[in-house]
Ligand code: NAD
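One chain is shown next in structure tokens, namely the form predicted on its own.
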Amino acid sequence: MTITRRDFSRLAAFGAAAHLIPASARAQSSEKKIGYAVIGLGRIAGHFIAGAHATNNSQITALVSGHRDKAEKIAAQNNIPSSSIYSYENFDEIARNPAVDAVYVALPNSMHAEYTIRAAKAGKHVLCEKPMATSVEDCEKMIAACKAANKKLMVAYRCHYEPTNLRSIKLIRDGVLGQVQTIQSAFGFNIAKGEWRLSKALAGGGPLYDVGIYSLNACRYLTGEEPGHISAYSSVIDHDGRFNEVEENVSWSMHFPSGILASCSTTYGANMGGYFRVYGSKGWFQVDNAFAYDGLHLRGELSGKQLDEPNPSKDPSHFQAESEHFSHCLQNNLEPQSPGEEGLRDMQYIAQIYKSAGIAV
């Protein structure tokens, strides 16, 4: 595989991120820790809070929630003063809180744009969960707002900072796999009734927005290329009321400029452990649980040699790595490896997948 200048820049960024992850590589920092306000106190926020606490350069200094009692409890557990608890209505007052350098947006997808833009106007940097937003237009507005405020915007693609995913990229870039030919990837689960993710107004779409995006993004960072052609299909099989607003299944294929072909699937109708498998001229490798918080396992056969590398890292190591990376960028005025433009590109490809599958955006 020929490594372009763009490929080299991407790999260098991934390599820099990898050095942030091992405990042995993290020296005690004399710099002020970056203070984060967590916006939305759902399940993923808990993982991020634990991850930030495990770093040497990040801390949680404020909370934003519509449930004061829940916020008070979490604040007490994390030594956050009551004065640093905000509601969605008075969120803009965060501008006057010097303990907050950045926000972590952990809200339903349709709220990402509003609170990213409000945070930027309040003078705060933004780490926003994926998917970045529910439309290309909103992604563009988020990027513009952060640039206008001279604030950094990073999308929380935790796999960009995770050792097994980084190891996979290196195997490809180092030519160990030979010429990559095809990639297969899938991720999904059997969703319960009543989940907010089944509301198009809140989620923007179905499993593609939620978990399929991992496969989409992985194919891009594994190849180091952008897809030139996309074709897709969707279906609803279980007519039990869950999928009145969003699709149940999506499968799509991508053709990359080098000729690499990728085939991906996502679902809300079955438990589909997230994985990717890469075939090359010298063998193959697969990462099981590739997008999970822990339990990742790299295995394969390369030039006749068996590859078997379980990853012992445990949750919240992914969240630790991404918060470390963003805080390091803020402390040193560096651009994050997964900026807003990365999230925008995925949203552009999601729009293409939906169009090809005949799903109204």
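Note that residue numbering begins at 1 and tracks the sequence as displayed. These numbers come from a predicted model, not from an experiment.
Keep in mind that the form predicted together with the ligand is not shown, yet the notes after this line are about it.
In terms of contact with the ligand in the predicted bound form, the residue from R299, K32, H53, K70 that brings a heavy atom within 4.5 Å is K70. Checked against the ligand in the predicted bound form, the candidates Y214, Y161, W252, F276 yield a single residue with a heavy atom inside 4.5 Å, and that residue is Y214. Looking at G269, you'd find every heavy atom of it more than 4.5 angstroms from the ligand in the predicted bound form. Although the partner is absent from this view, G188 stays clear of the ligand in the predicted bound form, with no non-hydrogen atom inside 4.5 angstroms. Contact check for P207: every heavy atom lies farther than 4.5 Å from the ligand in the predicted bound form. In the predicted bound form, the ligand lies within 4.5 Å of some heavy atom of G40. Note that among 105-113, 164-172, 256-264, 236-244, the stretch whose heavy atoms approach the ligand to within 4.5 Å in the predicted bound form is 105-113. Although the partner is absent from the chain shown here, P131, Y293 and F319 each have a heavy atom within 4.5 Å of the ligand in the predicted bound form. Taking the ligand as it sits in the predicted bound form, the stretch 193-214 comes within 4.5 angstroms of it through a non-hydrogen atom at W196, R197, L202, D210, Y214.
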